[in-house]
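Read the single chain below, which is given as structure tokens and is the form predicted on its own.
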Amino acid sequence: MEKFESRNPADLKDIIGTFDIAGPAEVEEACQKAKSAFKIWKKTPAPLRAGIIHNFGKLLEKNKEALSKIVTREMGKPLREARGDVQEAIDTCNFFVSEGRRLYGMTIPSEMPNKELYTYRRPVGVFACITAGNFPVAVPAWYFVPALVCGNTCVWKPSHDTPLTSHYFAELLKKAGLPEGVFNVVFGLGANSTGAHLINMVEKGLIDKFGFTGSTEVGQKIGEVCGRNLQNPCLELGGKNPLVVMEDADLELAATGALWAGFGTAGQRCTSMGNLILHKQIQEKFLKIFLKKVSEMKIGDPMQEEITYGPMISEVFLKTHLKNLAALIEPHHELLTEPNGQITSQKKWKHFVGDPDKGVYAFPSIVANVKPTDKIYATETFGPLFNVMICKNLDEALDLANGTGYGLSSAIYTNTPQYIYQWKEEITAGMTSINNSTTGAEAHLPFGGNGKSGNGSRQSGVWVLDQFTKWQSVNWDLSGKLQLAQIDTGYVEPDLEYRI
């Protein structure tokens, strides 16, 4: 069987593991196992299914530090961020344990006598999912925890950037008590490989629901396949997330928030800031504060607690970042940071921690003089690279914020209530923050985007239950005769001749 390697992006000589690439036969076998297991799993009482998720959360908690170190070693996010990644999965488990006792339907009054009406949430069936490597614990938990509580069985193609993390995620689920066949993992690559084979299973009728976190381009292809089969996938796609700083903002607070939004996880979050939009009155003052913070960042070994960001997720992500710098920056742009590109021992970042030549590290890059007609304005770059744009007022800021076609996350810094009200009413993004960063999620708040950022599906909180259940209406007539709704209903006629 063909294999692939997982390497530490902070030290490319560190081979973390070698993994089999699942072919079409292995993928189909996993889907058939899930289909068979569904017959039993859907009949397991929901509180008992949630009890297994409770066990999973406890195991994550017990293994939090070990799993966090694997995340950092495998995809390069700083250890403190990796701990947050695992904690998000723990929080998700804690939230959905109780939802196993709250998969409520309704009893509804009938317009007929001796007749009962009910609604029930039923599981969808086999849920297949492809996830990205930037949040290798939190994002799978967002999908699979509610999917399993709702009674679905699962087939997962995790990112090839984080296979060891994914292996332990699946092992912990198994140790939590999941029956055989309920949760199945197929390792491999994406295009023309395992990911593509899994998508093909929709056409074969072996998958009832599909989930995907990744690029808009791939999401569109998955949406096409699901649409042909009258399925509604969960698509959590890219973003070009705006962060606006108005003239009345706390500039120190805004600069701290923008630093995290732009460079957290080396800008490799779907919610990372793409366009920093500054009111012209505070432009110079803000950039002075902000660029000082940028110059003081520590970049390097992600196992060190004090760093701002570590390496790119892999060599592929670094190459894409370098291509973006070469292709998207035009002559009229101004780079506010120097140097740009890859960090090496010959081309250094002054506050680097560790040996840059061992891994794949990139300088922070900030591009000014960007116009809405520039390609870089509406291109997701997924790295430590973002734009600076200027606005005269909030209307102009909103036009710039909404004009990219994406609609995932957004943020505004202001202390004017009228600005806040207008912003939250008119921003088209699925999520927005006021006096906070574009990044950050909580397990009980809906997560997802609009436009090129997704198809309106939401993860997390009670809202995700609608993704993993289908409604069933039950009409139980106890009258012993056929009663026709709207026809045999005994409506009372008013006396229309009455006058006051």
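Start at 1 with the first residue shown and count on from there. Please read these numbers as outputs of a predicted model, since none were measured by experiment.
Unshown form predicted in complex with ligand NAD; subsequent notes refer to it.
- Shown alone, this chain has one stretch from 119-127, 166-174, 376-384, 103-111 that lies within 4.5 Å of ligand NAD in the predicted bound form by heavy atoms: 376-384.
- When contacts are defined as a non-hydrogen atom within 4.5 Å, none of 286, 412 and 419 contacts ligand NAD in the predicted bound form.
- Within this chain, residue 56 is remote from the site of ligand NAD in the predicted bound form, having no heavy atom within 4.5 Å.
- When ligand NAD is considered in the predicted bound form, residue 191 lines it closely, a heavy atom lying within 4.5 Å.
- At the 4.5 Å threshold, heavy atoms of residue 265 stay clear of ligand NAD in the predicted bound form, well away from it.
- Proximity of residue 430 to ligand NAD in the predicted bound form: non-hydrogen atoms within 4.5 Å are absent; the residue sits far from the partner.
- Contact with ligand NAD in the predicted bound form, judged by any heavy atom within 4.5 Å, is made by just one of 255, 218, 388, 328: 218.
- Screening 212, 144, 309, 361 for any heavy atom within 4.5 Å of ligand NAD in the predicted bound form leaves a single hit, 212.
- Along 225-253, residues 236, 237, 238, 239 each place a heavy atom within 4.5 Å of ligand NAD in the predicted bound form.
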